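Just the one chain here, the form predicted on its own, laid out as structure tokens.
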């Protein structure tokens, strides 16, 4: 068990792309074994906030940041902090399924091999365990050597979750992971997110208030780059403290 109550803490975080301010003095935290929903209308900074947590924004030209993101007691933006190690501990699932153009098995073993796992028996255990955690094993166990892109959209997204879990990161980031899926596949992913929080800290970007209500324990509401509210999800949705939050929840903005 970690000695840190919060795997990730954000302190006075502001970001820019060029001269355009995106996030404005954000401070919040993400508790262990919870699902936190980052909500807000399009363009409010949700995905930018998520991507600061594993430094993906570093890859964007003209990105600039002030403030801290603290993971397990260390500021991930400190000089010399290993981004390689960071991404080993903070996995990510994107909006659209992006399986590698290789077999189902190779998708799962790619990360562990990259991090030095060579034993074939261990790799096979990782494949089975990861696919079971992603509720996909029963559907693909006899097809592990078939191309991953041949799977359905929902299966591809669960494969991407399994791939992210293959190196057993304590934190999983998910950027609107069901928005490109049909309702049945989306419901399976939501059920999976709720199940996974027993073992992982999950941070979920969503523009869907009802989805946040169904799967998350706490929620952050962003509006024009500001953190308007950060509270238990039920409290935010049932009794928003700010009129902007209420306008978003009732569909008047978004």
Partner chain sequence: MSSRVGALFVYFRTVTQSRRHFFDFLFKFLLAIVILIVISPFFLVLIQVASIGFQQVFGSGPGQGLEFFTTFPGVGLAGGVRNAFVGTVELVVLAGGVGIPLSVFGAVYITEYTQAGWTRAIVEFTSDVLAGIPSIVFGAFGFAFLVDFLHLGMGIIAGSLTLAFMMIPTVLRTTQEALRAVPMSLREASLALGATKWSTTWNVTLRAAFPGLITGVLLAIGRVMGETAPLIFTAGNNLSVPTSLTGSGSWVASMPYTIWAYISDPREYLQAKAHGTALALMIMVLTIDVVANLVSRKVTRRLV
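None of the values given here were measured: they were computed from a predicted structure. Numbering follows the first chain given and starts at 1.
Keep in mind that the form predicted together with its partner chain is missing from the display, and what follows is about it.
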Among 190-198, 59-67, 41-49, 209-217, which stretch has residues with heavy atoms no more than 4.5 Å from its partner chain in the model of the complex? 59-67
Note: exactly one of 126, 136, 76, 164 sits with a heavy atom within 4.5 Å of its partner chain in the model of the complex, namely 164
Ok, 144, 117, 181, 92: which has a heavy atom sitting within 4.5 Å of its partner chain in the model of the complex? 92
In the model of the complex, is there a heavy atom of its partner chain that lies within 4.5 Å of any heavy atom of residue 36, even though the partner is absent here? no
When the contact criterion is heavy atoms within 4.5 Å, does residue 87 count as touching its partner chain in the model of the complex? yes
Residue 152 near its partner chain in the model of the complex, any heavy atom under 4.5 Å? no
Check whether residue 106 has any heavy atom within 4.5 Å of a heavy atom of its partner chain in the model of the complex, and answer yes or no. yes
Could you list the residues in 233-252 that come within 4.5 Å of its partner chain in the model of the complex, counting only heavy atoms and keeping sequence order? none
